[in-house]
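Take a look at this single chain in structure tokens; it is the form predicted on its own.
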Amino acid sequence: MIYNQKPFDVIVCGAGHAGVEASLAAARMGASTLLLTGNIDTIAQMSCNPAIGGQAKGQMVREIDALGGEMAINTDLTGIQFRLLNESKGPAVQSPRAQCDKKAYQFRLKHTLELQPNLQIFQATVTGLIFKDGKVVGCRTNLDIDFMGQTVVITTGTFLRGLMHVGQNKNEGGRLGDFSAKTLSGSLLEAGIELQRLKTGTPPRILGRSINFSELEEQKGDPEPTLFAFHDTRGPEDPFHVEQTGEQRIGWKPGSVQVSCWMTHTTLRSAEIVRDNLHKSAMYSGEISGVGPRYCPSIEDKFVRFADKPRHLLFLEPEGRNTNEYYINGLSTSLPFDIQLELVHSIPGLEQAQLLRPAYAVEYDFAPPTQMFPSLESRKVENLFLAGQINGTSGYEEAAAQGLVAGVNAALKARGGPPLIIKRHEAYIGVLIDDLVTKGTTEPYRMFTSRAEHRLLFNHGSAELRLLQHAKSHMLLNNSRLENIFAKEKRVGYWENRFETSTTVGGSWANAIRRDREAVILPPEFAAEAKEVREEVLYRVAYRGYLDRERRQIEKFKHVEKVRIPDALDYLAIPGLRRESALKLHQLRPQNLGQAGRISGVNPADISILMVLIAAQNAEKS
């Protein structure tokens, strides 16, 4: 039966970190939105590490907040430890990270979804898509209930034909205790979407009272926590109390009563246990065909690939304030349970540790992301959007960023508007999506600062200002917050200009700051500005030469981004174009010369040929 007589504007299939951002974004834009999930009780579940942020990821979460997303504020209000990574380095690569209360994070986000106007949540497993005339028009569920929608966003995470491995033991599921979406893959293949396999893993969880903390090194949170959300531009409303219903949302004052994490390491005995049992590991025995994450390797990978290292660091991280469960960060494995137990007991401080949950590897289907447009709409099926691990990424933050963009663009497509396209010189989100759709990935993709050639422009405090025009043009923030951001931008510009043009002893204020920031006594009225304004001004002034160089480079290459490639261009028939390049271009169909130049295997000579050809075609038309 069909549930809805009038199609939803947007249907989101999957309620992980991509799905919640997609559904909230669409609903907040006024689109009638349906969120389908196989289990409402695991909405926004932190299946792996209960942490948000880290290198480049922290900046990306601030960008999500700048575009009206929920991850940042949800993290701040359920965080139990906050740390600023790379604090001793330049501000451009400083990255906020927070340990969250796993259940509080999940429950608060579920409650947020339940209270969101224009959004309906329904528990059902999506078993297939409904197509008509080359477009997706709805989806089928395991309850024999069909839902019709103008657009559909797929955010299935690791659940597409998910298969979990603990040694030789196999169980179907996207994570421990949950189901596997077995039939949706067939529907995607039927539509002509290519699927491949990837693998990821998670460490064992242990009982806190069985840990000998005297053997561990304590890691406390920062006394002055760096938060993720831009609280300075938000209104004074209570983030916990819901005015319309009188309900109280879970959470606490950001940065209050932080908990400690703990550090330990593997031993020579640990290495011996792993090496002696590699043949029993699902990853090394050939049981798993999917490729694992290079930058978050299993403990088996660490001892094989880095055999010269005598030990590897491990971090014990609490899963919440009201649980005694700990996560062993760095000990991901697919070894059999008895070997896992022996391995854990070889680690200082964990000699008597009790395992609550075994480590496991999960293998799942993903759709190579070069099959998408930069809007995250499928090239094969109109009105179908994909976001998160189905696109080959790894991490909550990468998933949430894609989910937000896919949700916005699904809503825009439903109302006939132009898509939101974030360019790679504007944000880490732009780098993420551009890398996926132009380069693709053969392993779980993780964001790093080194992936962004213009990362000096991406300091985490500037995200609201960098993305302000996108937020305004697509109405992603309320008017009050937009006004506050414009006012903030004005104050930053005022002080930046004043420091560059006003003089003090020995020259301009700006030059004095660049010579020795700590020795400069700044005007008292500047000290009265909000901390966020002061930090952004000092960053721009101190690094002005570097930032100007980045902007000149962007301008230099901007013209190739504007040269649009005709959709019907026959690359295979272009004289002089190398065969390898022609095949890559024919397969990926870049929209402009800038994208074409970033495709692996396409060189500058190929771009020159395309440029001459397009210029000649344009001249003929005129």
Partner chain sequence: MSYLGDTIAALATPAGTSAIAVVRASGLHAADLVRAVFGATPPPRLAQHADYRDRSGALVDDVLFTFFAGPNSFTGEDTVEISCHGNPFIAQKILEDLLARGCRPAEAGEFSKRAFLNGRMDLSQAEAVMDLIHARSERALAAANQQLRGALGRQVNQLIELLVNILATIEAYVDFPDEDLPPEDLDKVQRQLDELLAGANRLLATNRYGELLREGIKTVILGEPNAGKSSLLNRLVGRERALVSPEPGTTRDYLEERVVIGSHWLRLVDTAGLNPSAASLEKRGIDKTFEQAAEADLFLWVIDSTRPLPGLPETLAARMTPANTIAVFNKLDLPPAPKGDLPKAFPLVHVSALQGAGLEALQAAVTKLAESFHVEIGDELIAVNARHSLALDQAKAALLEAKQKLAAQEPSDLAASDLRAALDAFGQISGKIDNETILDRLFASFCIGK
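In this text, rigid core is short for the largest set of C-alphas that superpose within 1.5 Å between two forms. Residue numbers count along the first chain shown, from 1. All values reported here derive from a predicted model rather than from experimental measurement.
Another form, the form predicted in complex with its partner chain, is not on view; read the next lines as being about it.
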> Which residue among K170, R357, R549, H345 has a heavy atom within 4.5 angstroms of its partner chain in the model of the complex?
Replying inline: R549
> Among L588, I565, M46, I574, which has at least one heavy atom within 4.5 Å of its partner chain in the model of the complex?
Replying inline: I574
> Does G128 reach its partner chain in the model of the complex if we count a contact as any heavy atom within 4.5 Å?
Replying inline: no
>> in the model of the complex, is there a heavy atom of its partner chain that lies within 4.5 Å of any heavy atom of L313, even though the partner is absent here?
In response: yes
> Though only this chain appears here, would A615 touch its partner chain in the model of the complex if you measure heavy atom gaps against 4.5 Å?
Replying inline: yes
> Given that the partner is absent here, does H425 sit within 4.5 Å of its partner chain in the model of the complex, heavy atoms only?
Replying inline: no
> Exactly one stretch in 496-504, 517-525, 450-458, 184-192 has heavy atoms within 4.5 Å of its partner chain in the model of the complex; which is it?
Replying inline: 450-458
> Do all of K89, P297 and G330 end up near its partner chain in the model of the complex, with near meaning a heavy atom within 4.5 Å?
Replying inline: yes
> What residues in 597-612 sit within 4.5 Å of its partner chain in the model of the complex, counting heavy atoms only?
Replying inline: G597, P604, A605, I607, S608, I609, M611, V612
>> Would G576 count as moving between the shown form and the other one, using a Cα shift of 2 angstroms or more after superposing the core as the test?
In response: yes
> Comparing between the shown form and the other one on the rigid core, is the C-alpha shift at L610 2 Å or larger?
Replying inline: yes
